[in-house]
Every structure is written in C-alpha cells, then in structure tokens.
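Shown here is one chain on its own, the form predicted alone, set out as structure tokens.
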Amino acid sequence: MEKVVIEGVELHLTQPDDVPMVWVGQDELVTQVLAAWLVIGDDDLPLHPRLVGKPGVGKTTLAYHAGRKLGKPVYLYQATMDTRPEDLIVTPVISEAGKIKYMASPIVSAMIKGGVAVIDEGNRMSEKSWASLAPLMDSRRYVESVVAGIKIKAHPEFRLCTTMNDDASTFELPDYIHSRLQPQIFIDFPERDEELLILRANLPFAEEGVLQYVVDFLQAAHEMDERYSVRDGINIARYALKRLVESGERLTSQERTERVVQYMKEAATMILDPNAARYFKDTVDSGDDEEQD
C-alpha cells in the first residue's frame, strides 16, 4: 500500500479501481464529460460535472470510461445515506501494532495522485458530508481532515464528478453544492441500435436472436415510460441463459426458442416486477435450426 506524508502525517492511499466497465456508443456524452474537465489556461479550473439519469443507464460506466480515456487512474466511491465527512477524507484505523493508521479515502487518494474521483450516487449523501468537500470544488482545491489535523491540496491533474439517480430515495442538494457540481449531463435510455451494441458487449455468449429479443423488450418498455434499463435487460438475459444451461437438456432449435421465451419472462418477473413480462413477445428468432446441447 502506497504511503505519503503530509504535514508530518503519514497517509495510506487507496488503490485505483480496475473494473471491466465497457462504454458503448453515445460518444457525445463522453465529449461532454471531457470538455467539463478541460483546463484551457493558467487561470482556468476544471469543472465537476454531475451525471444524472435513471438507475442502470450507465452513468458510472460513462464516468469511469471518460477517466480512463484521459489516461488517468480512476477511483470510485460509493455514497450512501450513512456516509460521514471522515469517510470522504481520512479515516483512522488501528494497525496491527496497536497504533493509529490514517487511511485516505478514494477521493483523497485521487487528489494526491492526480487521478479521477467518481462519487457514485452522490445525492444519497447528506449536506454535512457534502460540506466537507466544498473547498475542493472551488478555487481552493483542498480538503481538511479534522481527524488527522491536516489540509490536503489537490494535484493539478485531479478531476472529480458525481453520478446521481433521479429517484425519490435521495437528498436535495443545497444550493452552494449544486452550484459547484456543474455542468449537469443527462443520460437517457440509448437508441435501439446502441442498446443492441451494449448487449453484445456485455453478453458475448448470447445468440443474436436472444439479444434482439431483449432489445425488443426494452424498446417496448421505454415507449410505455417504464424505468427498465439496459442493465435490467442484461441481468434478465443472463439469468434466462443460466437457467437454460443449468437444465442440462438437449433441445431442438424450436424447443430452445420456446424455453428462452419462458425463462426470459420468468426472469423479468423476478428481477423487475410481475408486469414486466408483458413487454416480451411470445416468439423469438433463434437463428438456428439445428439441435443444440
């Protein structure tokens, strides 16, 4: 674990995240995030965009992808209603020798290393927690740790953004925080062709007919203003295909098609709600007439 010394206090840094997140299509959104982070002169500062949209539309994936596109280490921090100010900055823990060890949060680690910090679901945090980050998001560019008694300045290359779900289980941001988290970048459901590309990237083991079937489901749900996302579609397809393989049956193409329809509807009911299955059609093109294992 990497260590740094700031004002005589040793901090243990968190490692950046290395996760298999794949952003597909919607290049304009990537451009918007990168533009917010751009610095165009000595007196300029990067902005701190907030990515807003329904759960499952890819907000965290977009932020992670944009950070990696800059060639920077990316640190993900999952916010919750219980997040405390010290959780965001420095947390004291007892080491094996019985001494206090100061652990830098992913945000502070990104500040020190010049990486990208992504606060996931930031509007689940209270105002008290956000207040501890206020100096970081203006011209001061630092945070203060009451626990460690130090002030930590951000590296010039440090970048920050937060994702926010537009649901009811969140806090309202105070104006002084809202004004610091700009611009707002809205992520909507992808178009049909982009949704299909996302499914292909995340379900490389699925047949094309299955992917088209899931896209038909998602598009039908979008038209009825349901909140079902491509992440839901991926989970439904994964579970249905696992059910198919777990059965161990040797099926003809027609039997396999019928079973896929059955398992997809079952998965939609289990993963989403009892009404979700109605958006699936009764048939799917398997694209294969031969007997399969």
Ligand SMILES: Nc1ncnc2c1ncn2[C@@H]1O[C@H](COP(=O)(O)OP(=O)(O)O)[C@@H](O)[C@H]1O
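Predicted model, so just to flag it, every value in this text is computed and none were measured. The first residue of the shown sequence is 1; numbering continues from there.
Omitted from view is the form predicted in complex with the ligand, to which the following refers.
Undergrad: In terms of non-hydrogen atoms within 4.5 angstroms, which of the given stretches 263-271, 38-46, 250-258, 60-68 touches the ligand in the model of the complex?
TA: Stretch with heavy atoms near the partner: 60-68.
Undergrad: Every residue in Gln32, Phe158 and Pro183 with a non-hydrogen atom within 4.5 Å of the ligand in the model of the complex?
TA: No: no residue has a heavy atom within 4.5 Å of the partner.
Undergrad: Among the candidate residues Ile198, Val215, Ala79, Ala221, which is the single one with a non-hydrogen atom no more than 4.5 Å from the ligand in the model of the complex?
TA: Spelling it out, the residue with a heavy atom inside the cut-off is Ile198.
Undergrad: Using heavy atoms and a 4.5 Å limit, would one call Asn202 a contact residue for the ligand in the model of the complex?
TA: Yes - in the model of the complex, heavy atoms of Asn202 and the ligand come within 4.5 Å of each other.
Undergrad: Indicate whether the ligand has at least one heavy atom within 4.5 Å of a heavy atom of Arg227 in the model of the complex.
TA: Residue-level check for Arg227: no, no contact with the ligand.
Undergrad: Using 4.5 Å between non-hydrogen atoms, is Val22 touching the ligand in the model of the complex?
TA: Taking the distances in the model of the complex, the answer for Val22 is yes, it comes within 4.5 Å of the ligand.
Undergrad: Any of the heavy atoms of Leu244 lying within 4.5 Å of the ligand in the model of the complex?
TA: So Leu244 does not count as contacting the ligand.
Undergrad: At a 4.5 angstroms cut-off on non-hydrogen atoms, which residues of 229-244 are near the ligand in the model of the complex? List them in order.
TA: Residues within 4.5 Å: Val230, Arg231, Ile234.
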